[in-house]
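In the block that follows, a single chain appears as structure tokens, in the form predicted alone.
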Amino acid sequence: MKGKSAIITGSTSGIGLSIARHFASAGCNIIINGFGEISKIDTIRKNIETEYKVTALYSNANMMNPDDISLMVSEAKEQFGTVDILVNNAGIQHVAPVDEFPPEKWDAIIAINLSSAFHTIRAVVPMMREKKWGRIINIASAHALVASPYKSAYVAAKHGMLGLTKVIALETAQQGITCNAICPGYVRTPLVEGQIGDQAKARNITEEEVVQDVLLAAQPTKKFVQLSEVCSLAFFLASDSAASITGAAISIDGGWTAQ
């Protein structure tokens, strides 16, 4: 990875930040992106540069805005010359019955969780084609393969991301580019922490009951997936050893989708 460059969307916390650190630790220059307090994000960015001796930039691109996405990719090209690796991780969540689901929440989830991946891929593929090498990794979800109640927008977006993954894999199959989807089960990230309360409200149960009887009930291991496990899989998919893996949906879900 040394000398390569990567954009990781939704990477100021959780899975995205862990992946960004993992790539940086191997010598990859990175652009992180996401929400948060600017001073804290700048501290994260500087710590990555200091610890791993790479260039780490921050883009405040709003992933609902195609123009912002275009500017982020242009910045990466200007700073690094190209984008070798793209990790589409940006995502938000809202939990509610479909008849109570706010339309603006639907629009936002589809825009950030699905449409943003189209816009980033569209922008980076020409650079990857020029180099005849590229890795596109879409962080989907077990919900790209199965559904759960009260998550109409999220499940629709993640199913769509898996379809997009397959199309891009076919379009780039002879150009040294791979496109795959990682489908994690529940990882205890800020996104999941946020929905525990929402699930408790929607189901009229306690938060501890949500964890044990809703979230981990889906995973036969009865354990949250670890951040390190998702990072290691992403790193492998970005390596030359994974050159023949493309268009795949790789589950890392404690057996959830095996049921």
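Throughout, we count residues from 1 along the sequence that is shown. The structure presented is a predicted model; accordingly, all values stated were derived computationally and were not measured.
Not pictured, yet referred to below: the form predicted in complex with ligand NAD.
Exercise for the section: Report whether the minimum heavy atom distance between Ala234 and ligand NAD in the predicted bound form is within 4.5 Å. Expected result: Although ligand NAD is absent here, Ala234 would stay clear of it in the predicted bound form, with no heavy atoms inside 4.5 Å.
Exercise for the section: State yes or no: in the predicted bound form, is some non-hydrogen atom of Ile85 no more than 4.5 angstroms from a non-hydrogen atom of ligand NAD? Expected result: Ile85 lies outside the contact set for ligand NAD.
Exercise for the section: Report whether the minimum heavy atom distance between Ser251 and ligand NAD in the predicted bound form is within 4.5 Å. Expected result: So Ser251 does not count as contacting ligand NAD.
Practice task
Considering only heavy atoms, tell me if Met64 and ligand NAD come within 4.5 Å of each other in the predicted bound form.
Solution key: Yes, Met64 lies within 4.5 Å of ligand NAD in the predicted bound form.
Problem - Among the candidates Leu164, Met127, Val155, Ile92, the residue which, in the predicted bound form, approaches ligand NAD to within 4.5 Å (heavy atoms) - result: By the 4.5 Å criterion, the partner-contacting residue is Ile92.
Handout entry: Full three-residue contact with ligand NAD in the predicted bound form, heavy atom 4.5 Å, for Ile15, Phe35 and Leu191
Key = So, yes: the whole triplet contacts ligand NAD.
Practice task
Among 172-180, 96-104, 77-85, 135-143, mark the stretch whose residues have heavy atoms within 4.5 Å of ligand NAD in the predicted bound form.
Solution key: One stretch meets the cut-off, namely 135-143.
Problem - Heavy atom contacts to ligand NAD in the predicted bound form at 4.5 Å, residues of 152-187 in sequence order - result: Tyr154, Lys158, Pro184, Gly185, Tyr186, Val187 sit within 4.5 Å of the partner.
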